[in-house]
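The chain below stands alone, shown as C-alpha cells; this is the form predicted on its own.
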Amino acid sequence: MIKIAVAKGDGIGPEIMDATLQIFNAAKVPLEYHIVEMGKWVFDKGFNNGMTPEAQQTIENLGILFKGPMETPKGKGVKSVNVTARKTWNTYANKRTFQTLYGVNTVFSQAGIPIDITIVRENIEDTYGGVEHMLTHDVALSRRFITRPGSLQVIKYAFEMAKKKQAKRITCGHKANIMKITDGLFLDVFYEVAKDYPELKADDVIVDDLCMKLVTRPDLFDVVVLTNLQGDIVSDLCAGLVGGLGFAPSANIGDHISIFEAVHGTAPDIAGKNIANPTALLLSGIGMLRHLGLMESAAMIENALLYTLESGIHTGDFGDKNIPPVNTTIFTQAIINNFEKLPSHNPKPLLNNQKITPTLFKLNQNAMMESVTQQDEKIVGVDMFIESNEQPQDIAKKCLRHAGVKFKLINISNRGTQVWPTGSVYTNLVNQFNVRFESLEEEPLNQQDVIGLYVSLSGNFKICSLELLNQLGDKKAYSLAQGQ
C-alpha cells in the first residue's frame, strides 16, 4: 500500500473527494489515506498558513498530497493556502492537461477539432511571490521574480514530460518583447534546454498572440510552458476550450513533494446539495495514480469515466439538456458500474503497474540554487524611487546638486516613461519618480557610494526604494525607460 495525505477541502471539496475515493476503493487502488487538516476552517482556528503543524509534518513525511478545493478567508491579511502549499514545498511545475471529452459538448468537439494540450506553468516565482509595497499613497509596487535556476527546473520538467508524452511540439509562451529582462531570461533558458531535445520542435509565441491562436486553432498546440501568472490565465483559457474548470485536472510537481488537485474553486453555493461534478478532481487523482506508477488502475478508472461521459450521464453543470442530470452519488456509481468498459474515443491502454513510490529523504537544510557564471559583475549606477509632486525639471535641479563627483544624473521617468531630460507635457504623472544615476566615466561603484548618494538625496526627497544598476560582463542588466 502506498501512503498519501488527503485534504478534503472546503465547500464542495468533501463531497467530490469522497466520491473520488469511493471510485478508487471500488477499483481496489492500493492506497492508504491519511486525512490532514487544511483549508478555511483551519485558518479560522488561528493557523495563518491554513494547515496545522501535524498536517505539514504528515505531508512532508509521505511526499504526496491529494487535496480538494480550498478557500482563503477574505479581508484577513492571509495568503492563499493553495499558493502557500505549492511554494512551501517547491512544487515548481504546475501541469494542467486539457483534452476533448466526448459527451462534454464544446464548439470544438461539435466541429470535430480534437484538443490535447498540456500547460506547464512555473509555480513558485513571478508576481506570485506576493512581495508588494505601497510606495506612496497613490503608488503600489509588486516585485516580479524570475530566476535562472527556477526557470531551468520547470522548463527541464516540461521537456522531459513532452518527451515521455511523445509530443511533437513544445512552445514557450512569453512577453519578452516588453519584459525583456524577466521574460527574456525565461525564454533564454527555454532555448538553452531545447538544445538537449533535438527530437522536439521548440518554438515560442508572445502570450497575447498565443491566446488568440489557442481559441482559433487549439489543435496546433501540444505542450506549452509559461511563467506563473501568464500560465494561470492561459490554463483557465484552455479549460474553457474543453468545457470549463469542471474538467481541468492539475498536478503540482516537485522533487520531494507533489500535490494533485482540481483547478476549480469551492462552489459554496452548491455545497452540501449532492450535485457537484467530481470529474476534475477524479482526473487529477488519475494523474496522481500514474505519477505513482499505478498505470493499470489509472487506465481502468479513466476508461470508465470516458465511457460514462460518452453514454450521456452527466451532472447539472454540463451535458445534453435533453437528458436529465444526475446527482453526485449516481454519477459516481455510474463510473464504478462502467469499470472494464472501453470508450469508443481515445481508450487508454491498460499498461502494467510500475510500482513507483515517492522518493523520500530528510533534508537538513534549505537547498541553495545558484547557476555558475563567468561574467564579472559590477555596480554602474542606481535607480532612486522618490516621492514627489513636483515637475520633472524641478526634481532634476535638486538631483543634480546631489550627484557629486561619482554620479551623473541620466534620466527621470514616471511609471516607466521618460520625463527628463526629454519628454512630453502630455505625459500624466503620479507622485513617484524613478531618478537614475550612473557612474561618471563608467567607473565601478560600490555600495558605500550608493549609500552616500542616498543620504544626500534624502535631504530633499522621501526615497521609497532603490535598485542597483548592475552590469554583467559587457551587458547592462537593467531596462531602459520608454523614450530613453
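Start at 1 and count along the sequence shown; that's the residue number. These numbers come from a predicted model, not from an experiment.
Keep in mind that the form predicted together with a small molecule is missing from the display, and what follows is about it.
Visitor: Given that the small molecule is left out here, which of Ala251, Val104, Ala267, Leu409 has a heavy atom within 4.5 Å of it in the model of the complex?
Guide: Comparing distances to the small molecule in the model of the complex, the residue within 4.5 Å is Ala267.
Visitor: Name the single residue among Met70, Leu457, Leu65, Val435 that comes within 4.5 Å of the small molecule in the model of the complex, judging by heavy atoms.
Guide: When the small molecule is considered in the model of the complex, the option within 4.5 Å is Met70.
Visitor: Taking the shortest heavy atom distance, is Asn277 within 4.5 Å of the small molecule in the model of the complex?
Guide: Residue-level check for Asn277: yes, a contact with the small molecule.
Visitor: Any chance Asp126 has a heavy atom within 4.5 Å of the small molecule in the model of the complex?
Guide: Taking the distances in the model of the complex, the answer for Asp126 is no, it never comes within 4.5 Å of the small molecule.
Visitor: Give a yes or no for Asp317: in the model of the complex, does one of its heavy atoms lie within 4.5 Å of a heavy atom belonging to the small molecule?
Guide: Result yes; Asp317 sits at the interface with the small molecule in the model of the complex.
Visitor: For Val263, is any heavy atom within 4.5 Å of the small molecule in the model of the complex, or not?
Guide: Heavy-atom contact with the small molecule at 4.5 Å: present for Val263.
Visitor: On the criterion of a non-hydrogen atom at 4.5 angstroms or closer, are Ile12, Asn82 and Arg86 all touching the small molecule in the model of the complex?
Guide: Answer is yes for this spot.
Visitor: Considering the small molecule in the model of the complex, find the one stretch among 205-213, 269-277, 285-293, 299-307 with heavy atoms no farther than 4.5 Å from it.
Guide: Among the candidates, contact is made by 269-277.
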